[in-house]
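Single chain ahead, written as structure tokens, the form predicted on its own.
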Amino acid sequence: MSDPRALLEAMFRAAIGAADPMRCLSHYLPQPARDGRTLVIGAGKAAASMARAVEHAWADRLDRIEGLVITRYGHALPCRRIEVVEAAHPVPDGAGVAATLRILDLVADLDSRDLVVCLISGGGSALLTCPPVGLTLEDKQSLARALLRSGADIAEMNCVRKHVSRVKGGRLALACHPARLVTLVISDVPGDDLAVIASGPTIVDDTTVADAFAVLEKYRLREPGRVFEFLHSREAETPKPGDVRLAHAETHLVARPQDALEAAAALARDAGYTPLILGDSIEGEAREVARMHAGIAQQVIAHGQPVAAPCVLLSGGETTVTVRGDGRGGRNAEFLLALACALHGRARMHAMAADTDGIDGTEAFAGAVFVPTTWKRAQALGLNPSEFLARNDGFSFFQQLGDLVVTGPTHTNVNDFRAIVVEPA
């Protein structure tokens, strides 16, 4: 039976590997256009690795393609024909706007002989960004910060984003019309809703301006005022199902969070642990989700239910954090710190929570690890986990214990990875 911490690290690597574009993209890739242009565009944390996978699959036809994709700073990879531009995430910046305008120029004036392959992954909402007439980049930045701090889930945030953009919510697909459009997607959202991933730039939108207003009202967001003014205009509404201009656009999901969890489960099984996937689309406040996971883990120890130890509890999805303190750390550090508080030094428990893109929130770490000695080591250093949790400071807590998970950019993104290893008695 494997060392529990080594098993956690190996399962995380397996989860990331399952979503490697080199492994999963080529099956869905069409042939380049015969008579027209072949353009490759896209955005997301996996955009560069997806572009490289396209070039690898089309190695003997590279002279027939051109394109541009946008990825997060530090996530670029060298490509031969497809230009890779870096921009800011999760709050957009001028580099993202400039690159998005270049993409719109690339797809302008296409005809039915042309092919556009659009590569989309998580993070695209911030990276593929272009304010509509009447709004500024500063308006978009203020809105992004407010949404990120509000506790809104990803579907709610992207509902608002789609209605204040020139490219989101199907508008990029309209810009490509009448060319053939094939979108390849790596999912980072609960439920794999194509219209939510990166705010669905090539997917018709069934949400409305009224839905966007409802989100802003729910979280009591009032600024910036120009966003509210724009949402009252006709230009704020997105293309809807039935739009004939998008009728022949194709979309393929090439990697999902479930794929990552199944790869981790297979590794656990080979190591002698019974895997139990709790769900690939778990949402909610990170600390509440942590309490639920802690309850299941303790049920395993007390009653051998829903599975007997040794076992691994696996889950994915995207939790949220309502920021109340001034600490550092993303939703995975928050989840794991809340888990540590709930388990309170319980023996036989090892856990990891990490983001498969290698970045937890805005910090340069993927997540953290919790082991049975975490509580005692924290006490020895004078660290009170509850106090760190109260100020949303999971990063500082696990940094001082030496238990951060640091991978650097993984060049893919299938959302959060959570695993709890329960050892036998």
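Quick note: we count residues from 1 along the sequence shown, nothing fancier. Each form is matched to the other, and the largest set of C-alpha atoms that superpose within 1.5 Å is called the rigid core. Values in this document were obtained by computation on a predicted structure and should not be read as measured data.
Only in words, not in the display: the form predicted together with another copy of the chain, which the text now covers.
- Listed stretches are 133-141, 116-124, 221-229, 269-277; the contact stretch with another copy of the chain in the predicted bound form is 269-277, by a heavy atom cutoff of 4.5 Å.
- Between the options Lys168, His75, His293, His89, the residue in contact with another copy of the chain in the predicted bound form by a heavy atom within 4.5 angstroms is His293.
- Only one of Ile203, Ala260, Leu336, Val289 comes within 4.5 Å of another copy of the chain in the predicted bound form through a heavy atom, and that residue is Val289.
- In the predicted bound form, another copy of the chain stays beyond 4.5 Å of every heavy atom belonging to Glu83.
- Within this chain, Pro239 is remote from the site of another copy of the chain in the predicted bound form, having no heavy atom within 4.5 Å.
- Mapping the unseen interface onto this chain, Glu283 counts among the residues with a heavy atom inside 4.5 Å of another copy of the chain in the predicted bound form.
- Of the heavy atoms in Ser233, none are within 4.5 Å of another copy of the chain in the predicted bound form.
- Contacts with another copy of the chain in the predicted bound form, taken as any heavy atom within 4.5 Å, map to no residue of 338-364.
- Here Ala155 counts as shifted, since its C-alpha moves by at least 2 Å between the shown form and the other one after the core is aligned.
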